[in-house]
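Just the one chain here, laid out as structure tokens, in the form predicted on its own.
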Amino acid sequence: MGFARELKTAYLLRWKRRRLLFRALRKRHELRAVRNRTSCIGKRDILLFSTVRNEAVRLPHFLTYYRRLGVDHFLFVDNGSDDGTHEYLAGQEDVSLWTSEHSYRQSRFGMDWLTWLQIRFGHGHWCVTVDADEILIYPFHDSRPLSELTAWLDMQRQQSFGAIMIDMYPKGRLSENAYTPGDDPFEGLCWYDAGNYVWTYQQKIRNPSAQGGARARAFFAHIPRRAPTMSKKPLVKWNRRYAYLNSTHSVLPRRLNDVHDQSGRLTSGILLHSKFLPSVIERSRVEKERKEHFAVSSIYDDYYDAVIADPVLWTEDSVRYSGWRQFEDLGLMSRGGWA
């Protein structure tokens, strides 16, 4: 890219970021505070931001896991839940809760709401931004809290942390995997695809982007370019001038996207994805009707139909999950010199 062209790109992206921040400023009126406990947030606290809808099944384990990891305060936006999610979160002392009945899709899939909360409360904090079906693991996560990881990232002057989302699934049909709220979902969802990840590089925003995994294989083999993006930036040392561009797949300023390095130079992690609990079948029926989850929802009708059909995702090539070191051996995550 020539120098003049590079300057133009940087200028356009700077204005793009400003427009995203302005969108968040306007969308703040769509939020209603239910329990605002942010006054208890300490200067060095690690925060977690998430938009949820009907996640009562996942939230007990989700909160327990991230508390154990070292998250100090949770900031949730509940988008019209009717399964007890709202009431459950409102009763948690380390949770601040907002609600919105407005369109999830028209809020950039919840990112406008979260951007406003990050502007207000995330500045200067390490912030985890994940969905309720995403569990972050990183090197030594089973023995070292998030505060040790963020201290290491601070020492490396690395302000963002990359992770590949791994679709986890059971061995039989999705409906046959019994799950009780509060249990570890990955006791049943313990299989994944290990070798079908393809990387591309989005030059304009300097963003390495990965596709692959079980969904790409089972549902998008005929249109691989439509397969979900699996690379994310779920942990960022936040500044009120930052904004996620496309969910947590990319972020502005674009220097924050330089977190995926196949040479293993940078520390990176994994997001274990619990999408394929038995509840995904009914959720797919609902979301197919709501048409809130994709920019061009009709393209994904076949995907929803395939999930509703209760498939078996397991194959003879599936790999059983045995811990974070397995992902490191496969080259899907790296300790990047952190020992």
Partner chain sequence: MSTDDRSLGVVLLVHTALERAGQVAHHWARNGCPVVIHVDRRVPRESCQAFMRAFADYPAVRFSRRLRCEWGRWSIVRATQIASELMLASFPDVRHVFLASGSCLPLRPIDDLRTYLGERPETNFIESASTEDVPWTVGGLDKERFTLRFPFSWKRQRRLFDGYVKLQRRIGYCRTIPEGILPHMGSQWWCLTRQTLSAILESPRRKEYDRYFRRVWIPDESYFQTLARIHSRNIESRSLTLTKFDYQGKPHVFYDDHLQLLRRSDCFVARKIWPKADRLYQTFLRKSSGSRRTGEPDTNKIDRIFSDAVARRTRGRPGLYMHSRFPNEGWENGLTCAPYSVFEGFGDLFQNFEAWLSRITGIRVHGHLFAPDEAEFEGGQSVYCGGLSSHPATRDRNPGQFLASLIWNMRGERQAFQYGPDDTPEIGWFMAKDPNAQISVISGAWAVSLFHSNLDFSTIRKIAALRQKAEAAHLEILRSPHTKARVRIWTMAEFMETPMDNLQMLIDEMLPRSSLRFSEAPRLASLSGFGKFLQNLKNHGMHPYLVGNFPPDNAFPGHPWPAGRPYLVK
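Residue numbers count along the first chain shown, from 1. In this text, all values refer to a predicted model and were calculated from it rather than measured experimentally.
Absent from the display: the form predicted together with its partner chain. The rest refers to it.
Peer 1: Determine which one of 104 to 112, 179 to 187, 148 to 156, 89 to 97 lies within 4.5 Å of its partner chain in the predicted bound form, judging by heavy atom distances; exactly one does.
Peer 2: Only one stretch qualifies here: 148 to 156.
Peer 1: Only one of S175, T200, N246, N239 comes within 4.5 Å of its partner chain in the predicted bound form by heavy atoms, so just point that one out.
Peer 2: Exactly one residue meets the criterion: T200.
Peer 1: May I ask you to choose, among G124, P224, G80, G84, the residue with a heavy atom within 4.5 Å of its partner chain in the predicted bound form?
Peer 2: The residue in contact is P224.
Peer 1: Heavy atom to heavy atom, is L330 within 4.5 Å of its partner chain in the predicted bound form?
Peer 2: It does: once its partner chain is placed as it appears in the predicted bound form, L330 has a heavy atom within 4.5 Å of it.
Peer 1: Would you please decide whether D133 lies within 4.5 angstroms of its partner chain in the predicted bound form, comparing each non-hydrogen atom pair?
Peer 2: No, D133 stays farther than 4.5 Å from its partner chain in the predicted bound form.
Peer 1: Is there any non-hydrogen atom of A339 lying within 4.5 Å of its partner chain in the predicted bound form?
Peer 2: The answer is yes: A339 has a heavy atom within 4.5 Å of its partner chain.
Peer 1: Please run the contact check for A163 against its partner chain in the predicted bound form: heavy atoms, 4.5 angstroms, yes or no?
Peer 2: Yes, contact at 4.5 Å.
Peer 1: Looking in the predicted bound form, is its partner chain within 4.5 angstroms of a heavy atom from every one of K16, S50 and E289?
Peer 2: No, the candidate spot makes no contact with its partner chain.
Peer 1: Quick one: name the residues from 131 to 146 with any non-hydrogen atom within 4.5 angstroms of its partner chain in the predicted bound form.
Peer 2: Those in contact are F140, S143, R144, P145.
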